[in-house]
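Just the one chain here, laid out as structure tokens, in the form predicted alone.
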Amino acid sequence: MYNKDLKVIDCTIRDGGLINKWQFSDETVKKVFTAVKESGIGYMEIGYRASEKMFSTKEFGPWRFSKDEKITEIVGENYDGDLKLGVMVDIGRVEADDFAPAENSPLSFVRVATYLKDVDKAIALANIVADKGYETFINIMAISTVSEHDLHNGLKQIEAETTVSAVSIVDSFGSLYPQDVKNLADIYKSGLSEKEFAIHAHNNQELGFANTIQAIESGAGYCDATIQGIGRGAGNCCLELLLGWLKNPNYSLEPILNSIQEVFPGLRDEIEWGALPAYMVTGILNEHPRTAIALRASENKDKVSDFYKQLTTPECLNS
């Protein structure tokens, strides 16, 4: 369980922001940052970076944009950088000018999220950001919908054309089982000779933690987690479970537990996440969770049997 080379990436604010449009208070972000820093984890993805030309600052909170100035407000002018801070970007939602040279930014890394069909665009964006001095990663989303042949070719292209540190298995729909993760790990390792692979697991079937363990045992160099599993829909692998399992003497669980005690009761009063039956259904069916999210926002939020029928046999509901 103890792997001195494994790197943990906290995604609490970035992935959690998908629930509340990144409208976390400064106090919440500062407490999460402090907890992650004190825990000894090496990486924190503090939000998304998006262009203000493309999104309304009235609708979305500051962590949709994660501007350098805002990050500095949280971490301080003289931040020592021992916890690497980063952001995620989506293709077409950010511009090269949205990044200052790394030497002038509190950020250390950038992760490019992409569907495999857009891998050329992801490579181009990752290279632009890398040229500015940032460590880079590529996350291949909705991996459960990708063919083995296409995935292998995409990985070989990323291997040949980028300097990214790792490429992530992203179980966007929470549909994977440990054996699936093991098989994908083999594909990633065969396509990436110089780069590592990573895991970002969703918890629709309550397998986020198990799938993360499987990826680590299959050789993952990086793994994602969030405090109390906060994230879109069913959420993600729980950071506290992961740290407890890793048994790494450099990691401390207590700061994370303190944040759960001090911050998360209030968040759970405001927003909903977790492995509810509706998310289990979309996970089993390898469906995007957007339909389950819409159900949970409706007056029929607990009619999970009708929801299952709607997705599997819609003609029966109309007969």
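All figures in this text were calculated on a predicted structure; none of them were measured in a lab. Just count from 1 along the sequence shown to find any residue number.
Unshown form predicted in complex with another copy of the chain; subsequent notes refer to it.
- Between 198-206, 113-121, 151-159, 93-101, the stretch whose residues reach within 4.5 angstroms of another copy of the chain in the predicted bound form through a non-hydrogen atom is 198-206.
- When another copy of the chain is considered in the predicted bound form, only one residue from Ser172, Thr136, Ser168, Gln228 comes within 4.5 Å through any heavy atom, namely Gln228.
- Note on the partner interface in the predicted bound form: the residue among Met141, Ile71, Ala185, Ala210 having a heavy atom within 4.5 angstroms of another copy of the chain is Ala210.
- Using a 4.5 Å cutoff between non-hydrogen atoms, Asp131 does not count as a contact of another copy of the chain in the predicted bound form.
- Not displayed here, another copy of the chain is approached by Glu254 to within 4.5 Å at the level of heavy atoms in the predicted bound form.
- Not displayed here, another copy of the chain is kept clear of Leu18 by more than 4.5 Å at the level of heavy atoms in the predicted bound form.
- In the predicted bound form, at least one heavy atom of Ser305 sits within 4.5 Å of another copy of the chain.
- Residues of 244-262 lying near another copy of the chain in the predicted bound form, listed in sequence order, are Gly244, Trp245, Lys247, Leu253, Glu254, Leu257, Asn258, Ile260, Gln261, the criterion being any heavy atom within 4.5 Å.
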